[in-house]
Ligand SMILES: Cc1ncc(COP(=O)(O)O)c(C=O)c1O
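One chain comes next, on its own, written as structure tokens: the form predicted alone.
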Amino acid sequence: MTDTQTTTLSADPTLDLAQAARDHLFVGMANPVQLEAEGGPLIIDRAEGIYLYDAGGQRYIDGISGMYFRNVGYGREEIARAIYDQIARVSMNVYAGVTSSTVTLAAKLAQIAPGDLTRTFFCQGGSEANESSIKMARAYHVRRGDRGRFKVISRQGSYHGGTWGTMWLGEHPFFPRTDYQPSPSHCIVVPGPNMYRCAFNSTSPEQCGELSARAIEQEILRQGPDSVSAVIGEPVTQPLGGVVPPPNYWPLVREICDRYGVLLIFDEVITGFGRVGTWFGADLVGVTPDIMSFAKGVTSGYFPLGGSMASAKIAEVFEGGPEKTWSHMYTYSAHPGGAAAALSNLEIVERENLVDNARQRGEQLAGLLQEMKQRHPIIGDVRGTGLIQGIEFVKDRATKEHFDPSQGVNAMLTAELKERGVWLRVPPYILPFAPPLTITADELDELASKVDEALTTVEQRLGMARG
């Protein structure tokens, strides 16, 4: 081991931990040189409500809910106790056996899920949930004798996971895939309905919605309907700061999928369990998918858990003799600790009316962002709903040109926010807002005020005149 790889203890344990992390951890989407330049990684010592506290005692508002998952906030001891009680009693399923907590959770999800979504396969997180949903869709067609249906259509500006299979779905602008070529031929990508940058130069949201939906239909016809298994998308798209599609988009996509026998999969890993101000994004857009992926908010991140939920139509094709069985599982599928965490978490969401709070705070946030847009020339667009919203910052509003990455505007914003006690690592041209659903009106005002100050400072550094 070289000197640069060796961590020795010193008088400052915070420095020890930061150096040890740089020496011995692969920190997601970062490298040791980058982290050291930023003074990180952030060493989190404790957390409560919407706040994080680092090892030095500095408090930060968590503006991104960990990674869009801490819906009920930090410090929920009742969830921790539920996990402990469950795994102290029985820590894992046995092959072809289940535990009462997982059965109870599956029944609860069938009760609150949209439409006739009724049967759940549990896994460990969002990537596995989408992987499972894609496999379920393909297996469904095989059971029906349609073995040629293997292609999946997704949309630009979407993200569906980090496994080798899911990473090719959508085109996340901030997660390059150049290390993992070649791309698989069965993954087809079409434009998404982002009115601010509509691929069809639409003059109205309705036109953008229709043309974006028709792009899916055209691709189904171009590929051949008998070769397309599913269309997958988030009801509200996250990577670009909560792109809410025009109201006509998802109903049209639903009609198109039904017309050609293609399954519709909703990725509700982020939008599920209250974040958009309704229980699920499907409730917001008024469309029920054939299969729904979920994770994150189901346990608020207190335990790794995700799932793939099927409608009755999908579930019934896997019933019958052994040849009908869906051949799919993971070692930790339906972990009882995760189920216990989810049941406790969902009880908090219901008891504290957090879905409605997300709606109310979302309306408040939308107003605050519109006010900021009037004052800040760096803001090109504000968008979103509930507590998944965002700012797209631009060099020039008229042309919608982004800043050159070499200017490091996102790093400037990240640093200014951190200086003001907001933890929110800003991507290249999107400043996302996704605080815990427990955030109060006063706390949201505080968060917005700090963002406003950070934007002002960065604009001054860039020489941009305020509006």
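Treat the numbers as computed from the prediction; the structure is a model and nothing was measured. Numbering starts at 1 and follows the sequence shown.
Although not depicted, the form predicted together with the ligand is the subject of the following passage.
Colleague: Just one stretch in 330 to 338, 214 to 222, 355 to 363, 123 to 131 has heavy atoms within 4.5 Å of the ligand in the predicted bound form, so which one is it?
Modeller: In short, 123 to 131.
Colleague: Counting non-hydrogen atoms within 4.5 angstroms of the ligand in the predicted bound form, say which of 378, 270, 169, 240 makes the cut.
Modeller: Looking at 378, 270, 169, 240 one by one, just 270 meets the 4.5 Å heavy-atom criterion.
Colleague: Heavy atom to heavy atom, is residue 249 within 4.5 Å of the ligand in the predicted bound form?
Modeller: No, no contact at 4.5 Å.
Colleague: Using a 4.5 angstroms cut-off on non-hydrogen atoms, would residue 290 count as touching the ligand in the predicted bound form?
Modeller: Looking in the predicted bound form, residue contacts with the ligand do not include residue 290, since no heavy atom lies within 4.5 Å.
Colleague: Taking any heavy atom pair closer than or equal to 4.5 Å as contact, tell me whether residue 161 reaches the ligand in the predicted bound form.
Modeller: Answer yes; at least one heavy atom of residue 161 falls within 4.5 Å of the ligand in the predicted bound form.
Colleague: Even though the ligand is not shown here, does residue 296 get within 4.5 Å of it in the predicted bound form, heavy atoms only?
Modeller: Yes - in the predicted bound form, heavy atoms of residue 296 and the ligand come within 4.5 Å of each other.
Colleague: Which residues in 218 to 235 have a heavy atom within 4.5 Å of the ligand in the predicted bound form?
Modeller: Result: 234 alone.
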